[in-house]
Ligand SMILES: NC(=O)c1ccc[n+]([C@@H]2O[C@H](COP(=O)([O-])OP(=O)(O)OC[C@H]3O[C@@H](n4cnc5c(N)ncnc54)[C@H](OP(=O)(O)O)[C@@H]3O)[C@@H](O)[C@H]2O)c1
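Encoded as structure tokens, the following chain is the form predicted on its own, with no partner shown.
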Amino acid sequence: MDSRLLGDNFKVSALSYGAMGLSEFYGPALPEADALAVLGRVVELGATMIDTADMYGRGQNEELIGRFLKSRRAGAETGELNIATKFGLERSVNDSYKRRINNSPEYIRRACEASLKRLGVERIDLYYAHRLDPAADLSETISTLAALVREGKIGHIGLCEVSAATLRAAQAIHPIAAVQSEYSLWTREPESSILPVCRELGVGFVAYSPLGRGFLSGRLKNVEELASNDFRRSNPRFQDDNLKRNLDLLPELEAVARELAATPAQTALAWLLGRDARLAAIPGTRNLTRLEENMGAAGLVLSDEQNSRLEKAFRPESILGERYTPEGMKGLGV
């Protein structure tokens, strides 16, 4: 597994792992024994970073990873494994999806201590602001995170879904190791916005939902196939006519995959990893077979001609539907 440099001195595997789906959003939480088996296989396959957030499962995802880390320590497994987590989204007690953004210094410190406790670690390797409040003082937010770096509670600072202007302003206060945003053949906006600035400033980029929430696997044809509490049932891109039109984009991906003797998912991941030398992707899956398939994309290389065909097929203007519902769009591009 190749490594990718995030920031000045933080290396992670090119394909790392997004753990959110183990706890919610893609159906019921996976039984713990199965979830721990997935995490164990993630490490066996060479991933060196697991990504979570305090809001995933209302802390349950961090607790799960904490138990996994404890089992590794008990088994004397000492291989490199970095943990990334996030703060900044407080969820409503009465509505599982409704949330508010909180970047206050008091909240950041409280959230950090809670995450450290749930994870059972003394330091969070990469700590992201999950979303930024446009009304908050960015200098105050970054300065609070910088203090946590000095105190040894976090190793590196990350930002999620921010604008180029915000990244420049934050980098002027304290080095930012990585920006995390949705990026895939199905979501290419970072190419014309934040990714060029990351390159200019030497900031790493972490792509979440690199398979378009499963769409680019080519297996999802109808939301009725999904669990009743799978959030894709309400996601605009998966709705009725939008999904039907979006499915028309897949034949070119499937054709390139056949040429490579690979799957569409592997081909989409290989395309993404070829976009930038400091880009890592965090595909998430609950299925061991799918996990092994995803990690198998690490050595796949597309030709210039194949890249061009895919980019022509998946032009941003061809994608129908917003990435999130209005509630989920809160804080994007601040």
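This structure is a prediction, so every number in the text was calculated from the model and none was measured. Note that residue numbering begins at 1 and tracks the sequence as displayed.
Just so you know, the form predicted together with the ligand exists too; it's not on screen, but the next bit is about it.
Asks: Please pick, from Q171, S209, T141, N102, the one residue with any non-hydrogen atom lying within 4.5 angstroms of the ligand in the predicted bound form.
Replies: After the contact test, the surviving option is S209.
Asks: Please pick, from R118, R232, R188, K153, the one residue with any non-hydrogen atom lying within 4.5 angstroms of the ligand in the predicted bound form.
Replies: Looking at the other structure, the residue within range turns out to be R232.
Asks: Okay, which stretch from 279-287, 300-308, 66-74, 39-47 lines the ligand in the predicted bound form, with non-hydrogen atoms inside 4.5 Å?
Replies: Only one stretch qualifies here: 279-287.
Asks: At 4.5 angstroms, heavy atoms only, are S13, I83 and G204 all close to the ligand in the predicted bound form?
Replies: So, no: the whole triplet misses the ligand.
Asks: Classify W271 as contacting or not contacting the ligand in the predicted bound form by the rule of any non-hydrogen atom within 4.5 angstroms, answering yes or no.
Replies: Output for W271 is no: heavy atoms all beyond 4.5 Å of the ligand.
Asks: I'd like to check something about M20: if you look in the predicted bound form, is any of its heavy atoms closer than or equal to 4.5 Å to a heavy atom of the ligand?
Replies: M20 belongs to the contact set for the ligand.
Asks: Quick one: is R219 in contact with the ligand in the predicted bound form, heavy atoms, 4.5 Å cut-off?
Replies: Looking in the predicted bound form, residue contacts with the ligand include R219, since a heavy atom lies within 4.5 Å.
Asks: Taking heavy atoms and a 4.5 Å cut-off, does T267 contact the ligand in the predicted bound form?
Replies: Residue-level check for T267: no, no contact with the ligand.
Asks: Can you list, in sequence order, the residues from 310-334 that come within 4.5 Å of the ligand in the predicted bound form, counting heavy atoms only?
Replies: Heavy-atom contacts within 4.5 Å come from Y324 alone.
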